[in-house]
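As a starting point, one isolated chain is supplied in structure tokens, in the form predicted alone.
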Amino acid sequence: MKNFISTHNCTFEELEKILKLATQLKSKPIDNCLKNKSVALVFFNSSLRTRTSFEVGINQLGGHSSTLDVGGQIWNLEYKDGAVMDGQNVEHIKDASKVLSKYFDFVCVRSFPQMEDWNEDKKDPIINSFKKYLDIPLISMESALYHPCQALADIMTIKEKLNKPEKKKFVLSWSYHPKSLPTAVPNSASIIASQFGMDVTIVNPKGFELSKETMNIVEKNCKDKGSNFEVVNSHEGFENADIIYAKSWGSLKYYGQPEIEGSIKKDLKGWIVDKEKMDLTKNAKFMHCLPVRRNVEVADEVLDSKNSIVYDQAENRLHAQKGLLKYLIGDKK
């Protein structure tokens, strides 16, 4: 494994090895596996957990990180091949990638979709452009389609709390949000739950289905693992759940049409995870990737309850990413 773009491109054995390293590094944080190594962190978007966890983790592994904000510390970047660059984008990802490959040992990239054209965004153009032109390993810190580092932290947290995730019921629940959000987190969360043999239930209102590509991956993984997979259009799907993972995402049907989506969502404000819905579960643990809009996506009474493990998830971003870096540098050696 050279690049880390999505967990479904990894074998189960590779993921287990990464998580084993993450657990070891959680108990003994300081390690010099990145001594004299440098990592570029390229951000097209704002970040709190991703930025800080990578910076701290690289430092604890003895390495050096350079955080580069596109349009801030570095030039605006163009990703389309053959583009006539007479606009605001000053440098092409091809050229930036070749230069960064001369300086660094890894490049990590975070970019969101444009949320205008699904046919364009589903190609994951920015992350794939870096992948095409880099001569060194690439780690996705979130892309138009996937958030694999979050997924590693998610499954690490689930394993800590449930011990064995196999056959435990994982519910991914759509939540109301005033904005149209990407599908990267729900894609990755549902995929990794299915890779680890969990019974996966996706709960969403009609019109807010995840892509057929994601559904096919999750369904196949569940079939291979002998676990169950279903999509439910009501909160009855919460029944007997062991994990409730709340996340909002936009409608692919009305992608790039926020006014139409907004008019539909005004009747969906009841899609908030509250105590009444959590009472349907089997004393489930509550998860969310953060940031979260309190009392919009999730009620305070749930987010601040003893069953909420959102801060454990956030902490495990640090450990899971360190395990990933240690694994990749080991492969490189």
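The model shown is predicted, which means the values in this text are computed figures rather than measured ones. Sequential numbering from 1, following the sequence displayed.
Just so you know, the form predicted together with a small molecule exists too; it's not on screen, but the next bit is about it.
Among the candidate stretches 40-48, 57-65, 277-285, 260-268, which one is within 4.5 Å of the small molecule in the predicted bound form when only heavy atoms are counted?
Looking at the other structure, the answer is 40-48.
Exactly one of C289, V70, I272, L34 has a non-hydrogen atom within 4.5 Å of the small molecule in the predicted bound form; which residue is it?
Spelling it out, the residue with a heavy atom inside the cut-off is C289.
Pick from Q150, N187, T201, S143: which has a non-hydrogen atom within 4.5 Å of the small molecule in the predicted bound form?
Among Q150, N187, T201, S143, a heavy atom within 4.5 Å of the small molecule in the predicted bound form occurs only for Q150.
Answer for K322 alone: is it within 4.5 Å of the small molecule in the predicted bound form, judged on heavy atom distances?
Answer no; every heavy atom of K322 is more than 4.5 Å from the small molecule in the predicted bound form.
Does at least one non-hydrogen atom of R110 fall within 4.5 angstroms of the small molecule in the predicted bound form?
Output for R110 is yes: heavy atoms within 4.5 Å of the small molecule.
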